[in-house]
Ligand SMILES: CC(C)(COP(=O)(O)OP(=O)(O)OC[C@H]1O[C@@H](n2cnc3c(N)ncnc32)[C@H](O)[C@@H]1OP(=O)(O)O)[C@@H](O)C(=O)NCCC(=O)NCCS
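A single chain comes next, written as C-alpha cells; it is the form predicted alone.
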Amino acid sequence: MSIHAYPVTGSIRKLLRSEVQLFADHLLRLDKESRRLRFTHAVSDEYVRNYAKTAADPGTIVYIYTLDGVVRAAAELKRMGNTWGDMAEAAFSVESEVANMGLATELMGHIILSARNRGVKQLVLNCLAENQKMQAIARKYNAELHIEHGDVVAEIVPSRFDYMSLATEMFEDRFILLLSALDSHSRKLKDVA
C-alpha cells in the first residue's frame, strides 16, 4: 500500500454488507466509458444493480474510497470457488471526477493485502487491451501480463501472509464502523443542505 497517494480528504475502507446500495450507486454513476472498462463490455443499469448485490456475498471483499460520505472508487476481491483458495479475482472502478489521483493503485494494495491474508496464491485481473492505466497499475505490483481471448490478464502472486500483514488488516478493520458512521453523517448533512 502506498502512503496517501490519494487525496487525504476521503477515506479508504471495506464496504459493509449493509452498504451494498452505496456500491451500486457508485457503479451506476460511472460514465459510459468507465463502465465499459470496468465490466469489459457495455452493460445496462439493471445488470449493474444485480451485479452490485454480489458485494454482500461471503466470498467477496470490497474496498471503497469515500469522499463526503459518497463512494467514488471501489476495488473488489472475489474468491474463485466456494472457499478462499489458490486463486481470486480483482476488479476496480473509479469515477472520472477522482481519476488519476492514485486511488486504483492504493486500492490495489489493499486488495493484495486481503488476498495475501486469505492464502490466495494467484490474483487475477482481467482488463481490455486498451486499458493501459490498469495494466500500468498491475505492473507496479509485479504482475505478469498476457493476452487471453483479446483481453489482457494480469496475474499477481501475493506474498505469504505473516503476522504483520494480518495485524495491518485487523487494525484497519477496527475503524470500519467509525468511518461508515462518519460517511453516513456526511450524507445526512448533504441531504439537509
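Everything numeric in this text was worked out from a predicted model, so none of it was measured. Residues carry their position along the shown sequence, with the first being 1.
FYI, the form predicted together with this ligand isn't displayed, but the following is about it.
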Would Asn50, Ala55 and Gly81 all count as contacting this ligand in the model of the complex, using a 4.5 Å heavy atom cut-off?
-> no
Contact between Ala129 and this ligand in the model of the complex at 4.5 Å, heavy atoms?
-> no
According to a 4.5 angstroms non-hydrogen atom cut-off, is Met134 in contact with this ligand in the model of the complex?
-> yes
Going by a heavy atom distance of 4.5 Å, is Ile111 a contact of this ligand in the model of the complex?
-> no
Mark Leu37 yes when one of its heavy atoms lies within 4.5 Å of a heavy atom of this ligand in the model of the complex, and no otherwise.
-> yes
Sort through 57 to 65, 159 to 167, 142 to 150, 37 to 45 and report the only stretch with a non-hydrogen atom within 4.5 Å of this ligand in the model of the complex.
-> 37 to 45
Find the only residue in Val120, Ala104, Leu77, Val71 having a heavy atom within 4.5 Å of this ligand in the model of the complex.
-> Ala104
Those residues of 62 to 95 with a non-hydrogen atom no more than 4.5 Å from this ligand in the model of the complex are Ala91, Phe92, Ser93, Val94
